[in-house]
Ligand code: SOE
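For reference, the chain that follows is the form predicted on its own, supplied as structure tokens.
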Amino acid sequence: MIGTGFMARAHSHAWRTAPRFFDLPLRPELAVIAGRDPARTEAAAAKLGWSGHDRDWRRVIERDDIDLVDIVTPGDTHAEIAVAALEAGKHVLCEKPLANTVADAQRMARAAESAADRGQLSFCGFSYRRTPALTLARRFVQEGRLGAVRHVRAQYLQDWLSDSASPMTWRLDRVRAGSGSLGDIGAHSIDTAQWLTGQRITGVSGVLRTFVSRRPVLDQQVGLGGTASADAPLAEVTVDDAAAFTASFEDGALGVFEATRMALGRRNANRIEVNGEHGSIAFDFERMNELEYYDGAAADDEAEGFRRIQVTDPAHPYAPNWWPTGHGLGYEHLFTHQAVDVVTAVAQGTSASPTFAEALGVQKVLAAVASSAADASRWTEIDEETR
């Protein structure tokens, strides 16, 4: 594993947990974790269950005993690490978004394609795909229960940056993060929408806003939602606080997207609704074990409306390996499911979605939204390679 922060904790928990609840064809061994800070990296290894630790990720990827490299660093480092790991003969799992620029994402996708010819696999960590309710929703779409898709509405609403006294973090620095709410959380909405519907976004018109342009700097990075003293020095925020855009899908569906980290009271409201000619589905991650489904063919004038499906039965995706019916799952389970799918794909030698190529498609939509917003919300087509 390369990286020792928030995502390192989530992924480490998943690698440890997956073989204890799922019958895996291979057993993950947590060999080494790498980070820049020696003390922090040593502490992370001990706390998160890694056998060893190292300051140099380059040394790590050259080790003969490493089969897979898990990249959980900020976006500006993804391309260099992933390409080097693939060239060193490793499978790669890389957190989203794939990179900070389309050019870097293209380089990663090319490296992944060449590595696939040598039997190496690469995956991008759009973990919300592994939510059982969303996986069930995708099954409904694929089965034709919704008919032709007409509308997609996606929101990702958080509030941890609402306080202007919240300190500066790497997520607010364009050099390290690439973009703000658009790339950090809006990328999830884009990926989910395209994956759920099976359709690519072909054009967008977007708006970006930064509401707090300067934030206090702390000597050490603090957790999400922390506050700084009034006399702390200020640094410029170089990314968006909120993003909104309309989109067209390749089969003609209309999309409306919104992402913000300043929606007070919304802690992690990752929402999506898809309306088709025969039915609709709706999901909100703040109620992650539930899927709302409307069957237009079974409409009842006296009991009209969505019905709530509690996605915890053995018939539901991933659910048989966990708890009795009605005992819900949490955020950490998404990463366990991701680990299960990655290990299974590696063992079988088959590609597992999302691939780097799919993640490149998301990156191109992000770039098109940013381009549109910089040009008075001009309608911006996604290029042919994305389609």
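Quick caveat, the model's predicted, so the values are computed rather than measured. One rule holds for the numbers: they count along the sequence shown, beginning at 1.
The same protein also exists as the form predicted together with the named molecule; that form is not shown, yet it is the one meant from here on.
Visitor: With the named molecule left out of view, choose which of Asn268, Ser213, Gln310, Gln142 has a non-hydrogen atom within 4.5 angstroms of it in the predicted complex.
Guide: Looking at the other structure, the residue within range turns out to be Asn268.
Visitor: Name the single residue among Lys90, Arg129, His316, Arg171 that comes within 4.5 Å of the named molecule in the predicted complex, judging by heavy atoms.
Guide: Exactly one residue meets the criterion: Arg171.
Visitor: Though only this chain appears here, would Phe249 touch the named molecule in the predicted complex if you measure heavy atom gaps against 4.5 Å?
Guide: No, Phe249 stays farther than 4.5 Å from the named molecule in the predicted complex.
Visitor: Would Tyr294 count as touching the named molecule in the predicted complex under a 4.5 Å heavy atom rule?
Guide: Tyr294 lies outside the contact set for the named molecule.
Visitor: Is the gap between Ile185 and the named molecule in the predicted complex 4.5 Å or less for some heavy atom pair?
Guide: Answer yes; at least one heavy atom of Ile185 falls within 4.5 Å of the named molecule in the predicted complex.
Visitor: Quick check on Trp160: any heavy atom within 4.5 Å of the named molecule in the predicted complex?
Guide: Contact with the named molecule, yes.
Visitor: Within 4.5 angstroms, counting heavy atoms, which one of the listed stretches 286-294, 234-242, 185-193, 109-117 is next to the named molecule in the predicted complex?
Guide: Heavy-atom contact with the partner occurs in 185-193.
Visitor: Of 87-111, which residues get within 4.5 Å of the named molecule in the predicted complex if you count heavy atoms?
Guide: Only a single residue, Lys96, comes within 4.5 Å of the partner.
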